[in-house]
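There is one chain below, alone, in structure tokens, taken in the form predicted alone.
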């Protein structure tokens, strides 16, 4: 079954279906850019976080902006590659009653893990679809849907629809075809993906947690990229991913709007749990576009175990 048809089967309303198919088109175009290596090297610019932008970052961002600007149902967009959110419905309002027809605001990381491209590791795209309006004041739990693309040996796409579970599609010559449906994460599972291991030097709890994993003979599954690591948890149906804070970076490195919230939404829809160390990520208010936060995500009991060390 194709993505188009399956979204209708899942009960996605007409507007959400339309916007999700536009995002899927963007993923398809980014997949071609990544596959051909048509935009390698540095762009000579920095994003709002002071990070050197790769040509792939810029090209991927341009692709998603293009497809979303063509959608009358899109209100605000926010990208990890842009300094602030943009109300594209207002920009288009002069062409008709476009602003009033907007239903969704979309936040995305166009190419997460792009620094891994030159060594041919898996990278991905993260897309969160919210109700219309500014992202400020919203919570990840308010999302209508999340879409997570993985560009590896194959291009795959996870779709998490609120209340409808998580499903995986494979990009083929015939489009995105349903591959796995109703993905579920077990309560326990001995896989661990420990981001920011340097934090062990200044966060004794994290060091004790890593020792616990090693002594418990957990299997390490860490790629250096959040997308492939969360992909592993969703497909294996168990495990835990962590990126805690520490003295130098108390809020960690990952962004609530572009990474943690969207990934957490998919994890929760698959039956897992996600926390910032204090509360569920789904209940964490977005206070700034560039807001960072720690994250512990995966199997419910594995998250609980990790929190017992980190709190």
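Positions refer to the first chain, counted from 1. Since the model is a prediction, treat every value here as computed from it, not as a measurement.
There is also a form predicted together with a small molecule; it is not shown, and the following applies to it.
With the partner omitted here, the stretch from 269-277, 58-66, 29-37, 246-254 that lies within 4.5 Å of the small molecule by heavy atoms in the model of the complex is 246-254. Shown without its partner, this chain lists 175, 152, 224, 237 as candidates; in the model of the complex, only 224 has a non-hydrogen atom within 4.5 angstroms of the small molecule.
Contact annotation: of the candidates 108, 241, 104, 158, the single residue with a non-hydrogen atom within 4.5 angstroms of the small molecule in the model of the complex is 241. The shortest heavy atom separation between residue 112 and the small molecule in the model of the complex is within 4.5 Å. The small molecule in the model of the complex is approached by residue 80, whose closest heavy atom lies within 4.5 angstroms of it.
Heavy atoms of residue 198 reach within 4.5 Å of the small molecule in the model of the complex, making it an interface residue.
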